[in-house]
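Starting off, we have a lone chain in the form predicted on its own, written out as structure tokens.
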Amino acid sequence: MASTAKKSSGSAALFHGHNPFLESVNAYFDKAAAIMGHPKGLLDQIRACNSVYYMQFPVRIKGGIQVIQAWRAEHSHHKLPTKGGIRYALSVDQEEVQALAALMTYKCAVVDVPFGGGKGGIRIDPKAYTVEELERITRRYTVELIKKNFIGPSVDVPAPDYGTGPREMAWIADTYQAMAKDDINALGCVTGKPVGQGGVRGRTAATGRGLYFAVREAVNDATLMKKLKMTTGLSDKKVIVQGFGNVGYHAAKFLMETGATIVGIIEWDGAVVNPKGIDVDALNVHRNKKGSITGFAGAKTIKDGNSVLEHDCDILVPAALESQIHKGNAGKIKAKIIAEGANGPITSEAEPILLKKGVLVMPDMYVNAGGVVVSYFEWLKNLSHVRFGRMDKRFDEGANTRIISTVEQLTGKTLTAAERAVVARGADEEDLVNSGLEDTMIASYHTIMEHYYGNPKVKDMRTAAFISSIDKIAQSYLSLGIFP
């Protein structure tokens, strides 16, 4: 009943079925690599998945024994640790895990996070298990990773993904700490933890907030908006979001709060639409109360949710699962901008159709990188053993108060207590995390667009992002003197 480590192969035990996601990721890589001057051997190394661990282990479920299938892939070791989420879904197979791990490699590089890419998955439907059973599965999976050295703060650092969250990350951290008793940095073995167990404030909203920053930069890019025949800013933009989970909800919320009109929200059991706008917070209250977004009084319910992908809008945010926009529906998409909140929501066959229509595709490897950026901050917090802002918050408040007093003396004007508190306030952990995320997303956007505008061979933003990413990874290998 022991777990097994196997190399990548076409075995039915490893592959759940044909998965176009891995083909899409590799096709995007090849498209960018073809217009770069790096040696073939170097590009082959960057593209290859270094390690895959396939395991089967027994867990007692409902009085019996169930054998669970699971994977962990470490795509690239050019930087350590490797980094990537763990998903719980029946769709999980080796190809999906490898594709997600590869995407994590490129994603970390494009936003200058010093990690290699990794990803994990357990082939289960988490809704079919009790909390106690999920805990047993999660802890046993962690033990299997520990036995094969596939987890650790300097080795491989998982995070939440589809079907997992802070609860599962807390179980992983607790299991790792129990088996690595002398590792002072043990909490850094996983990110996305609850704040009370070493998590960082701002992590929950990070991916959706990062998407918002990315879209905001694009719509404020006058050159880009002129090319798309759109006005700058968010105030006149109609947005449809697919997926109302953590990413979709926060992305919709931040876009709405800064002037965009959310005209459609799509979920697995239907969609809600309102051309005049949907109140995202009210919809979230409805969903939490009823267990579904359907039947919301502030919008019309449409049973065939995915048909709403084809409704009129300026910006489409697919924030659900991969391969949602394919060659069958790409020609019907009316959005002028697609911001990929999910990993791989557009197949490589669909993208040329969209590009031919003049659609700007903002790639997942940049747009949804907010989660790994803030995971990096959490990892740094765990290794430094100090909360962000702890040493300078009060000092900054004191300095700001002295500045205010000086200005008041020079001008003769006095601020109210409330005004003084707002101006003098020092940054706390969440402020610093959000500031770091914003700076990262802005800087990465402009680096990508340098390739987009500056290379006549680059016709789309995804290729520009891949070139930026591949160049950075290549430099890591070239510095070792391995490649000519």
Ligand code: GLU
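Don't overthink the numbering: it's just position in the shown sequence, from 1. For clarity, every value in this text was computed on a predicted model and none was experimentally measured.
Heads up, the form predicted in complex with glutamic acid (GLU) isn't pictured, but that's what we're talking about next.
> Pro160, Gly152, Gly198, Gly243: which sits within 4.5 Å of glutamic acid (GLU) in the predicted bound form by any heavy atom?
Replying inline: In short, Pro160.
> Heavy atom within 4.5 Å of glutamic acid (GLU) in the predicted bound form: which of Val219, Val280, Val372, Ala299?
Replying inline: Spelling it out, the residue with a heavy atom inside the cut-off is Val372.
> in the predicted bound form, do His75, Gly117 and Ser469 all put a heavy atom within 4.5 Å of glutamic acid (GLU)?
Replying inline: Checked in the predicted bound form: no contact with glutamic acid (GLU) for any of the three.
>> Is Arg203 near glutamic acid (GLU)? Define near as a heavy atom within 4.5 Å, in the predicted bound form.
In response: Yes.
> Do Asn343 and glutamic acid (GLU) come within 4.5 Å of each other in the predicted bound form, heavy atoms counted?
Replying inline: Because a heavy atom of Asn343 falls inside 4.5 Å of glutamic acid (GLU) in the predicted bound form, the answer is yes.
> Does glutamic acid (GLU) get within 4.5 angstroms of any non-hydrogen atom of Lys107 in the predicted bound form?
Replying inline: Result yes; Lys107 sits at the interface with glutamic acid (GLU) in the predicted bound form.
> With the cut-off set at 4.5 Å between non-hydrogen atoms, does Gly84 touch glutamic acid (GLU) in the predicted bound form?
Replying inline: Flag for Gly84 set to yes.
>> Given the stretches 172 to 180, 88 to 96, 332 to 340, 364 to 372, which is the single one in contact with glutamic acid (GLU) in the predicted bound form, using a heavy atom cutoff of 4.5 Å?
In response: It is 364 to 372 that comes within 4.5 Å of the partner.
> Heavy atom within 4.5 Å of glutamic acid (GLU) in the predicted bound form: which residues of 447 to 462 qualify?
Replying inline: Read in sequence order, no residue approaches glutamic acid (GLU) (within 4.5 Å, in the predicted bound form).
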